[in-house]
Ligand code: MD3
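Before any questions on binding or motion, here is one chain by itself as structure tokens, the form predicted on its own.
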């Protein structure tokens, strides 16, 4: 029923990951964050900090600073390469993305209480034939997705821990964002909050 209301090209898989798979992923993410610590990105030009903290894994990582948005091979603070993408996430991509090449970046966003992500489109990649695959872990969040024009109508969708969402085809460049978090709706993370994992193919296959 939900799929019929979503924009064309969006595939929503509620509670796709069971409780054990979610716990296993959180343990892997903790290991990644020890090697590639969370950092607070800032907006280009203004230097205004994001309300989310982030890190990456994979050959490339997405960063934002005063110089702009981009992908790069090294953590902006440690100067070290990003850790590899864990096998369970590569398997998830292989099973759901319907794309002949693996993801090159997994953006890890951590949302604390009050954090949000304004409407934006994922357009810093050179490969738009591959979908964007998103995994939600932890507290519920209100996700909003629209069309390819910023001022078009949007649809809210409450994402819960274990949900998987793919944006491909017509929705690959759709505007989307996170309006709000619902604190206390999950016990997955020791101190609450939400982790969002976004798998992306950056370069042409």
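This one's a predicted model, so the numbers in the text were calculated from it and none came from an experiment. Residue numbers count along the first chain shown, from 1.
Below, we refer to the form predicted together with the named molecule, which is not included among the displayed structures.
Engineer: Does at least one non-hydrogen atom of residue 122 fall within 4.5 angstroms of the named molecule in the predicted complex?
Structural biologist: Within the cut-off, so yes.
Engineer: Applying a 4.5 Å heavy atom distance criterion, does residue 107 contact the named molecule in the predicted complex?
Structural biologist: Within the cut-off, so yes.
Engineer: Can you work out whether residue 201 and the named molecule are in contact in the predicted complex, taking contact to mean some heavy atom pair no more than 4.5 Å apart?
Structural biologist: No - in the predicted complex, heavy atoms of residue 201 and the named molecule never come within 4.5 Å of each other.
Engineer: Verify the contact flag for residue 178: yes if a non-hydrogen atom of it lies within 4.5 Å of a non-hydrogen atom of the named molecule in the predicted complex, no if not.
Structural biologist: Yes, contact at 4.5 Å.
Engineer: Using a 4.5 Å heavy atom cut-off, which of 22 to 30, 161 to 169, 35 to 43, 148 to 156 contacts the named molecule in the predicted complex?
Structural biologist: Careful reading of the contacts points to 161 to 169.
Engineer: Taking the named molecule as it sits in the predicted complex, which residues of 112 to 139 have a non-hydrogen atom within 4.5 Å of it? Please list them.
Structural biologist: Residues within 4.5 Å: 117, 120, 122, 132, 134.
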